[in-house]
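Quick setup: one chain, the form predicted on its own, written in structure tokens, and binding and motion questions come after.
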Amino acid sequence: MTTQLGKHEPLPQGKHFDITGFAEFEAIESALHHAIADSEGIVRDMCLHILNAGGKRIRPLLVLYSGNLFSDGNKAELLQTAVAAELIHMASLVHDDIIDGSPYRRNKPSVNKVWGNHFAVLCGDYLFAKAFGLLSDPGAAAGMSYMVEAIQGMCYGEILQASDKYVTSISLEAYYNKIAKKTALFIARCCKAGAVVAGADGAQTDLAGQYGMNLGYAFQITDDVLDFCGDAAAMGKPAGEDLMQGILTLPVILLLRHDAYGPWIRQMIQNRAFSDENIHRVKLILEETGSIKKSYEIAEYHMERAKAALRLLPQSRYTDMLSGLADMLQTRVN
């Protein structure tokens, strides 16, 4: 499939289109490129740089799959809502890289590394504006409030994360509050936006949201586990990177409660003693104490809750696809 601007058909307006199987992904890619087709110069270069970096497009797929549970699979407004969700996600990643000073995103130079923070901030803002341009269409407007909630949650979550850095007294409740706002809420709102745009009733929309919220919890907790036991090359960051930045994730929070090793890791964090030797020791201790295993079990619990919500929704190939996304998360660690 071409990735040249100007080579894609416009977003369908007021008519049906067929997206089945892998066509959903292709429809999203084509519509994403069309959404930025009117950009020029440096703005165009930055947008293409982000799009061509790739991605799993999980959030727009969630919008489409959740919506298609309640429609014939041919509702044009769903694609607009899905593309808006991905543009919001892309914008948030650009801003995250600025905040974190990250030189790479998906093993490629980040926008802020190539063009600097000033242009990167404006690029993120541009993508947000494009997203809300799509959501302002009358057919997609029903999903706008959910996307607004998602952005508010992400901003709040980032603030919570920044304020909790290196705080070894962080509670599980505070951790859940942070990941709910930073990650899970957006995923849940993608599911709810897709459902409501497709005409689902309130109870059905809430069930779609329950699926998404638990999927989001599982997604973030799995990332927490992979930060220590995942492949560094595939993750695009070294093992223990979150810990070195003062971000205390679920495995570390569980370890802080351990009678024998809790005091040691607490002192290490407070002293910022993040040597390669200490990070390697943390990884071994997390395995030894069962903190990794326990974290993964908690992620599995949320995956099962997500699937339980799905079983109460209309059953179709799209229910199977949503269930498959949960299974995909499980195989990331196994």
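Keep in mind it's a predicted model, so treat the numbers as computed, not measured. Residues carry their position along the shown sequence, with the first being 1.
Beyond what is shown, the protein has a form predicted together with a further copy of the same chain; the following relates to that form.
Within 4.5 Å of a further copy of the same chain in the model of the complex, do we find a heavy atom from each of 43, 159 and 162?
-> Yes, the whole candidate spot contacts a further copy of the same chain.
Using 4.5 Å between non-hydrogen atoms, is residue 289 touching a further copy of the same chain in the model of the complex?
-> No, residue 289 is distant from the partner.
Do residue 39 and a further copy of the same chain share at least one heavy atom pair within 4.5 Å in the model of the complex?
-> Yes, contact at 4.5 Å.
Although a further copy of the same chain is absent from this view, report whether residue 128 comes within 4.5 Å of it in the model of the complex, heavy atoms only.
-> Contact check for residue 128: yes, within 4.5 Å of a further copy of the same chain in the model of the complex.
Look up in the model of the complex whether residue 118 has a non-hydrogen atom within 4.5 angstroms of a further copy of the same chain, and give yes or no.
-> Heavy-atom contact with a further copy of the same chain at 4.5 Å: present for residue 118.
Which of 95, 178, 89, 105 has a heavy atom within 4.5 Å of a further copy of the same chain in the model of the complex?
-> Comparing distances to a further copy of the same chain in the model of the complex, the residue within 4.5 Å is 95.
122, 170, 244, 226 - the one with a heavy atom within 4.5 Å of a further copy of the same chain in the model of the complex = The residue in contact is 122.
Looking at 106-114, 213-221, 257-265, 142-150, which one sits within 4.5 Å of a further copy of the same chain in the model of the complex if you count heavy atoms only?
-> Of the options, only 142-150 has residues within 4.5 Å of the partner.
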